[in-house]
Every structure is written in structure tokens, then in C-alpha cells.
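What follows are C-alpha cells for two forms of the same protein chain, given separately as structure 1 and structure 2.
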Structure 1
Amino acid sequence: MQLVSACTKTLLDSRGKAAAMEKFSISILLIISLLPFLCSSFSQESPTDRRILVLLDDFSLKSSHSIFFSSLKSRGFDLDFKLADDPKLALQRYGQYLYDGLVLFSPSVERFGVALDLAAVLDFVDSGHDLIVAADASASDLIKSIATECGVDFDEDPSALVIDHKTFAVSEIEGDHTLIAADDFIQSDVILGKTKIEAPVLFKGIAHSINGANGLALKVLSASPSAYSANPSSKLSSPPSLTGSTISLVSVMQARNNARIMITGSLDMFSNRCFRSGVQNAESAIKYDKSGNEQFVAELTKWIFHERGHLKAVNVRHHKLGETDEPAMYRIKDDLEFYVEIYEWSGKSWEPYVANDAQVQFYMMSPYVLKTLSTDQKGLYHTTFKVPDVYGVFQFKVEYERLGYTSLSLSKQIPVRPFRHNEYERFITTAFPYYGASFATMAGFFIFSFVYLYNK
């Protein structure tokens, strides 16, 4: 009897333990399942970057460029400063990226720390993260090759700087005209914000050009037609390789996965000195108290870190006119309605995106229908059209690529079938003579047989 009770007791005990264990494991499961949300890098829901790794050549940059960094911090970014050759440097741990963005303010670094190299940086970009690369006259091969991989070629001459004898920035001391006051901005409100940048941007650094084979890179700030790239301290022996407005001072590239990259040949552009100083273009009489650098850099980083110009298209729906359920297949000549919702990220929330140029294609190897979508101003776009008289596997395609915006590329496959055997018109008016003829023949044959057989 006692034995039995003891047994039941242990049994109960173990049951209690099991229950506790279960609770524990459930909570662990919960945490694990939440983990991706807690530490997701480039979430679909809020595309703005949060954690940014800044790699520096030495920590003195932290103070000399403090305005730039503090403006980032005030916008809510977590900045993590590391020396570029820090041996413990790592972008990812256990396959998860630790950062959403990378700022390379280390132009002279020849090698990064152990776990970081060219391929790692490119992988970082290819998995959808953003990158800012700033070079200067001491730019290393590593930095140049990163730029090359992103479709931008720095001037090969290591001692060359951008020189402009016409649009240089006027300063007290007569310099070698390498400090340029550039104001040839890209015409895009999305990239540079709605407020016009009045003052020129001070730039001192090396030139680069966009690789013609790359269709994704853009010049955001170009040099004036009188600029060229050469060594300012030596005499020009041969014509400079890069001249005029082919020289790009600041370029951006939006990769196909919407990772954004900014490349500039001037690290000084971000410095406190350039932010603070006044500027006067040698060609114009207006003298600005403050250079355009701060506004330019702030607006551009907003774009780079997805605070602006990030679109998403969701809820692609389609159905037959007058129905609500989405069919698995359409029939030729069906009338259908197509919906898609497009939102723009404002930095904090998704706002309806309003435009009148979004189009949908009904596509099978080539577009059969191309319709402009009409919007209800609340993000919902819609249109109606008739399925063409061609069967096959079609796609609804929304390809929306506008300057500065993330490219939207949606496709939804839908087969289109021909008529079923019983969907054709059964009796056609024009065919009545044929119906009449066949019935008349039948009747005639019957009568004839009857007469022939019994008329004797």
C-alpha cells in the first residue's frame, strides 16, 4: 500500500516537473520565434536602418566629423565606431548580420580585420544592406576595388585630385583650386529632399567616374565642365584622363535588391570644418555663410539609410469584374479588376504613395495589356481590363522604376485558358440556313424512303 502511494507520489512529482519543463520550453520557443523580429536587419516593415558600423582609420575622425555623427545619432541610429583594422571586426555572427549599414571612413586601410574583406563587404550589400564609402587622396586599393565592384571607378593616378580653376571655393589663402564649390546636383527631390540646396557643397578629394556598363549608379553631385583630375603639385604633361562633368564627386548606386550605396572621393566633405565654413563660388558674387555640405549630406544619408524614397507594393489582388474571390485561372476575354497597394516609407510609418504613372502589364513573353493604374490617393491602385484573346500563362507585372525610389518589381502568375466546349454560343443566327438545310435533308430523306418503299 505504502509502496503504491510512494509510487503515485513520484509519478505526480514528475508530472509537475514535466509541466514546469513544458512551460519553460514554451517560453523558450516563444523567445526563439520572436528572435527574428527582435533582431531582424532589414525588415520589410520598417526599412530604415538602425545599427550602423562606422570604420575609421583612427579615432580622431570621431571628433573632426562629430557634427555628422551626432546628426545621425539624433536621427536615431546606433553608431558603432571601430578601427578599420580591428582584428575582432565582424559584420555577422552566426549567419545574422549585426549591422544594417556600413560607413567606410577609412580611405587608407589596406586590409580590414580578420573576418572582413572585399567579398564580405560585397556580401553585406548583396544581402540588402547599405554602404557609404568615402575616399580621399590616400585611398587604398581595397577601397577603390569596393568602388569598382559597385560600378564606380576612381582615378587610377594615386596623386590626382579634382582641380577646378573656375568654380573653386574662394578662401583667404590662394590655394591650388582643389577645394571646389560644387552645385551641379542631381534633379531629384527623392534623393536630395524637397528643400533646394542653395549653397554649393565644398569638396576636396579625388575624382571618380561611373562605369558605363553599370546601369544602376548615378551621379548625385557632378563636377563643373571646367574641372579635371590631376596632380596639383606637378605640371601637366599629358591631358588628364578625367575631365569636365564626367567627373563625379558624389555617386549613389541602388542595387537590384534595393541596397543603397554612396561613394564619394572626399572624406573632408563630412568634416566639421566643411560643415561650418562659409562658401563662395569663384564665379558668383553670392557668399553663403554656411556651406551646403550639412544639408546635402543629411539629405543624402536620409536617402541612403532608407528614410526616404522607399516604396513597397503589397496586396496584389485581382478578380473578375463583379466577383470578389481571386480565381486560379482566367478565361480569355474575361473582364478583370486588378488592385495593388503602394506605400512609401516616411522614416516612421508607411504613407500612401500617390502617383499617376504606375502601370500594370499583362505579360506573356511580351506585354499584351499595358494599363496605367488609377489611385484613390490612399495607396490603393486599381484598373480593369479585358483578358486578351490569347491563352497561356500570363503574369501581372508591376515594374515601377523611378529615379530615387526603390524599384518595384512584382509579378503574379495567372494562367488564361480558352473557352470550354460548352462556353461557345450554341446557336448562331447566321447559321440558321445550315440548320434549316440539315433538317430539311433529314425530313426529305425520310419522306423519300417512305414514298420509295411503299409506293407500289
Structure 2
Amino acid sequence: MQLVSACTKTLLDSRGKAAAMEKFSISILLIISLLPFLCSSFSQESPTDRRILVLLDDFSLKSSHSIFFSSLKSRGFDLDFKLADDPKLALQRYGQYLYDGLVLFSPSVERFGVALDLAAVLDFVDSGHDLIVAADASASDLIKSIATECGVDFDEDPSALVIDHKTFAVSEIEGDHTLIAADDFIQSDVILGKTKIEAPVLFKGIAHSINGANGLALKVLSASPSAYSANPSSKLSSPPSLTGSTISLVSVMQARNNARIMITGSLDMFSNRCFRSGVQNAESAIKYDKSGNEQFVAELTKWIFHERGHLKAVNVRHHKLGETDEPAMYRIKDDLEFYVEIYEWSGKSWEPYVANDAQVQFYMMSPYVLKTLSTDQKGLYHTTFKVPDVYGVFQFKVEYERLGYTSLSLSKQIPVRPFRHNEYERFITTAFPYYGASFATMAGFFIFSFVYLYNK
């Protein structure tokens, strides 16, 4: 019996060890499977998006828009192509996002895969990730709802296209003036790069406007004053709802969490045909051998995916004037120095950011001191000022917002104390009249007493 019990116990122990080893092996495989996603996720040290999910209506878009996709791959992006209605579609797994950016080239999709919906896309943006939305005449209510949540409203007429009888692109095929040669770009070197886009951009699609309640959205490419949105196949029975420069062809938005969004009403704008096609504006005699689409899209996506215009502030420090160590607190009327380093991501490395409008606040309920920071042109910003004659808990605050750049908001808390009893001056200059009055009173009393006592 003892031998049987020992054998049974040994068998149970071996089974337990086997089960434990099986669980351990599964855990190791799970960690290894997640390593690529964790290593390619958004990092403050390398803020450029690396893994991008591209949702398509049809896989044929991979070939018809191959130049655009090849451009992203050549810049180091890992593209994952999926159909928009794929039932296995997911943006996150085990609470971790699998992608850094999302490209929606699926204008006609009525419903995404099971694990993806409007709320999931908005949560993706709210988590600081970037988004590109391209629509066309077949745009579904889902795509329009995503745009509306981002501060952009597409034309409600499902059959309307942008029409321009003055600045249309000269073409032997297009006769309804819906192929537009647009060149009204936003004036921003941060968003569109320092190299000027000479050739117009070919655009054929639907119009949208920026919601007036949204102060974060910007028009990057606007229609001309002669453009309007209507059905090109029918006569106008009433004035169009969108006309002139109120029509935005391409818009962007940078959210308060620095997530960036691009919205356009033309999927064809990214196509190989538009990239390679020559262009001539009907109002101009100049004909370009190649449209500005490729340069425009490349420069804009560099901004969207944080290859340009991404700032970081590091090494915030302060100390008394003439010292080097940071104190635990300041005394009122102390002279102090403040330093902060600001860098911009160039796509490959952090470069010094040079500007003359960065400021620091010495803040308690409201700013008591507001100083513009001087720079050494190497990323270091500094200033000196006197602590105000108010004691309490203050903050050094740097809040920097500039068109096209990610916003900076950082603070550092420091208490300020009053003078101690033995730190006041022995004789205060402003009190000399009181000192004189006291001595004059004593002298007067002495003279009065002497006269009163000894005068006969």
C-alpha cells in the first residue's frame, strides 16, 4: 500500500509540474507575440508613428494608390492593410493599442468590423494617436460622422461635388469642371514644409466646411472664390449651401492631446493617376508636367505623423542668482534664474528649437511674473527675475502654443516664504521720519521737564 501511495503521489507531482510548465510556456509565447507591438509603440524619445493600420474598401486600392503607400514605407512606416469590414479587425489587444496611426481609405463602408466602431475610432484619437480620413462621392454616414466629431462637416447632399468653372484643371476627359486645380495652400512652413509647392493639386471629390464651434481645425487647402458644391448632372434649383473659400478641400486638426487628424473629400487625390498627371489651371497659361499632389501629400503626412512640428521640453531647472543648486524654497525679493530646454523632432533626431516667443509664468492663482525667455540658439531658454513680494506656493509654468507645433504645458512647484525676524534691515530708510519723530519727542520732553523743574 505504501508503494502504491508513493507511486500515485509521484504521478500527481509530475502532472502538476507539466501543467505549470505548460502555463509558463503559454505566458512566454504571449509576451513574445506582443513584443513587436510594444517596441513599435509611440515613444516620447521617438515620437514618429511607426505602425499604421490602413483600412480599404477594396484591395485594388493598394495598386491604384501604390506611390503614396510606397512613400510611407520608404520613410520607415509599417503598413498593415485590411478591409474595413474585416470581422477580425481590432485596434487594441489586452488593453494595448496595436497601431500608432489609422488611415481610412474606405469612404463607402457602412460598418466596420465587429471590434471597431465610431466610438473606438474616437477613443483611438483621444489616446493621442493620429488619423487620416479620405472620402469621396460615396461617403457613408459612418465616415461623415467621424468627420463631424473632428470638427468638419461634409455637404449633406450625397450627389454633390465641388465644381469650379474658373480654376478647373484643363482636361480632354473631364468636361463637368469637377476636376479642380487647387493652389490656395495654408501659409505654414511647419505643416507643408519649407519647399514651396509650385504646381496646383488635382482634386475631385466632395466639399466640407469647418465647424465654427471648433477652434482647433484648420483649412490646409481651400477652394477658390468661384467654387461651389452641387450635383454636376442637374441644374441648380436653389443656391448651393457651400460656396467660395468657405469650402475646404483638405483640413487638419491638432487635438489638445496633440493627436493629429487629416480630413479630405477626395480619395483620388492620393491616387497614382493624380500623382503622375500633368496639370494646367484654366486661368493660367503655365502647364506643369507633374501635379503638386505627391509633394503636397508627402509634406502634409510628415506633419500628421509627427515627423515635423513635434516639440518636447526637458531639464526644467531654477536657482538663485549666482548659485547653482536648486533651493527647496525661495524668499520674497530673491533674484533667481530659470532654465528650460526645448527641442523639435526632425524625423530622425531631436534638434534645437529656436524661437523668440517662449514665456515663463511665476504663477499663484494668477501670474505674478510673466517673462519672455531668451535663447542661446542651441535649445536652451533662460531668464532672470525677482521673486514678488508675496509669499505662498508658486509654480513655474511654461505653456507654449504655436500654429503647427505640438503644445507644451509643464509646471514646477516651489514655495515662497516671507523674511524671517532676523532678516530685516536694522534701520529702514523709509522709517527715518518716525525715528526722527521719536527722538524729537524725547528731546522735547527732557527740555520741558528741565524748564518746569528748575525755572523760578
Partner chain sequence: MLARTEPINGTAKPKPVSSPMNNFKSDLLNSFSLKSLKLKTKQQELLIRVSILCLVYVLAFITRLFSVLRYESMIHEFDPYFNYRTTLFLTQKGFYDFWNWFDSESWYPLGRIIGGTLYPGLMVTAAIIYWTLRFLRFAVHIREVCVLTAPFFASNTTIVAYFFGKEIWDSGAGLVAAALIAICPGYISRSVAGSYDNEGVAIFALLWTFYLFVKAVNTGSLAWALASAFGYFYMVSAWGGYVFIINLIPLYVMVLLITGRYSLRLYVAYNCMYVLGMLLAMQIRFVGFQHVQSGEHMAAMGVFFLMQVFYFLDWVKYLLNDAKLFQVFLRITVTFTVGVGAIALGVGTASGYISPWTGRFYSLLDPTYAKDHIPIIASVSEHQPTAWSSFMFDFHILLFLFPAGLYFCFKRLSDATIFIVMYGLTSMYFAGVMVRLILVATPAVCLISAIAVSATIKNLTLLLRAKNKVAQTASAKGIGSAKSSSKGLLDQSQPFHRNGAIALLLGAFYLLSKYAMHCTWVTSEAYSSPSIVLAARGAHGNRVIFDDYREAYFWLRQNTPPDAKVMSWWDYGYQITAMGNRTVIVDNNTWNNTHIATVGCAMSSYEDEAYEIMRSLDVDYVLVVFGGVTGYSSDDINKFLWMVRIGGGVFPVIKEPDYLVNGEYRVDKGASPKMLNCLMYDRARGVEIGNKDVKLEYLEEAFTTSNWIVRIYKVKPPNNRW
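Throughout, residue numbering runs from 1 along the sequence of structure 1. The shown structure was predicted, so the numbers you read here are calculated from the model rather than taken from an experiment. Throughout, rigid core stands for the largest set of C-alpha atoms superposing within 1.5 Å between the two forms.
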Displayed copy of the chain that is the form predicted on its own: 2
After fitting the core, Lys302 CA displacement of 2 Å or more between structure 1 and structure 2: no
Rigid core superposition, Met329 Cα moves 2 angstroms or more between structure 1 and structure 2: yes
Phe394: Cα shift of 2 Å or greater between structure 1 and structure 2 (core-aligned): yes
Between structure 1 and structure 2, how far the Cα of Thr430 shifts once the core is aligned, in Å: 5.2
Core-referenced Cα shift (Å), Gln413, between structure 1 and structure 2: 3.2
Cα displacement of Phe450 between structure 1 and structure 2, core-superposed (Å): 14.2
